[in-house]
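One chain comes next, on its own, written out as C-alpha cells in the form predicted alone.
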C-alpha cells in the first residue's frame, strides 16, 4: 500500500512497517506502514487523536513501539538508535527556543549537543541561517521573533547536524496564512535544493498540493497512501477526507 517508492533500490528516508502501539488498553496505532522516499515530501494527514504525535514519538524513540519496524535512512530505530536519530531533524509542535537567548546563542547551544563547536559551529550556523533567510536576525532575542520567524529558526536548528529526514509535527500550527505559506515554501525548497526528505504531520488541507504524497492516518489506522490529487478526485480534499474517514455530515 505504498505507490510512491522512489527510484530504483535507493534506501528510503523513512520506512514504517507493521507498527502498532498501545497505551494500556487503548490502541493508538494499528499495523501502520508507509515509506518516505529519499529527497521526498510526505504529509501525514489526520485530525487530533489520529495517532500522528504517537508515531512521531516512536520514530524519535520517546516511546518504544510494541511491534513492527521503523528505519531511518536504513538504520533500525530500535537496534541502531544512535545511527537512526543522528539522521533525524525534528520540529515539534510546541515552541522549543529559549526566548531569552539570541537566535545565534540558541543555535550554538544546539550545535554543541551534536558535538559541533568552534569554527565549524560558526560556519554551520551561518549556513543554516542563510537557508531559512534569517541571517539578519542572528543577534535578535528569540522572543522578539515573529511566530513564522521562530518556526524557521527551529527548522534551522533541526538542520544543524545535516539530517537526512525532517520530522515536522504540526509545524505551521498557530501561524497566520502568510507565515504558514512561508514555512511550507521553505520546507519544499529544502527538499529541492538540499536533498533532505520531510514528513509533515498536519490537519490543514490547504497546505497540500495535488502532487503531494499523502498518508491518511485515522484512529491509528492508515486509510490511504497516495497523492493528494488522487485522494481528492473531483471534490475538495477536505470533503474526500471526511468521506474516507466516515465523518462526513
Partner chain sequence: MNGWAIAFAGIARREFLRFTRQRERFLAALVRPLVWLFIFAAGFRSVLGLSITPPYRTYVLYEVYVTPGLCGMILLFSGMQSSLSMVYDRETGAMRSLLVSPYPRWFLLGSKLLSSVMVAVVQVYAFLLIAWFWGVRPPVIGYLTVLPALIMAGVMLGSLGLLISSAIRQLENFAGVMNFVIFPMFFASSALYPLWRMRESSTLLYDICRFNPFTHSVELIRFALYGQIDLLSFAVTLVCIVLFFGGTVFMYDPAKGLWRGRRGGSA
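Residue numbers count along the first chain shown, from 1. None of the values given here were measured: they were computed from a predicted structure.
Although not depicted, the form predicted together with the partner chain is the subject of the following passage.
Student: Quick check on residue 138: any heavy atom within 4.5 Å of the partner chain in the predicted bound form?
Tutor: No - in the predicted bound form, heavy atoms of residue 138 and the partner chain never come within 4.5 Å of each other.
Student: Contact between residue 116 and the partner chain in the predicted bound form at 4.5 Å, heavy atoms?
Tutor: It does: once the partner chain is placed as it appears in the predicted bound form, residue 116 has a heavy atom within 4.5 Å of it.
Student: I'd like to check something about residue 102: if you look in the predicted bound form, is any of its heavy atoms closer than or equal to 4.5 Å to a heavy atom of the partner chain?
Tutor: Taking the distances in the predicted bound form, the answer for residue 102 is yes, it comes within 4.5 Å of the partner chain.
Student: Can any non-hydrogen atom of residue 157 be found within 4.5 angstroms of the partner chain in the predicted bound form?
Tutor: Residue 157: yes, in contact with the partner chain in the predicted bound form.
Student: When the partner chain is placed as it is in the predicted bound form, which of 174-182, 126-134, 145-153, 102-110 ends up with heavy atoms within 4.5 Å of it?
Tutor: Heavy-atom contact with the partner occurs in 102-110.
Student: The partner chain isn't shown here, but in the predicted bound form which of 206, 31, 64, 194 has a heavy atom within 4.5 Å of it?
Tutor: Checked against the cut-off, the match is 64.
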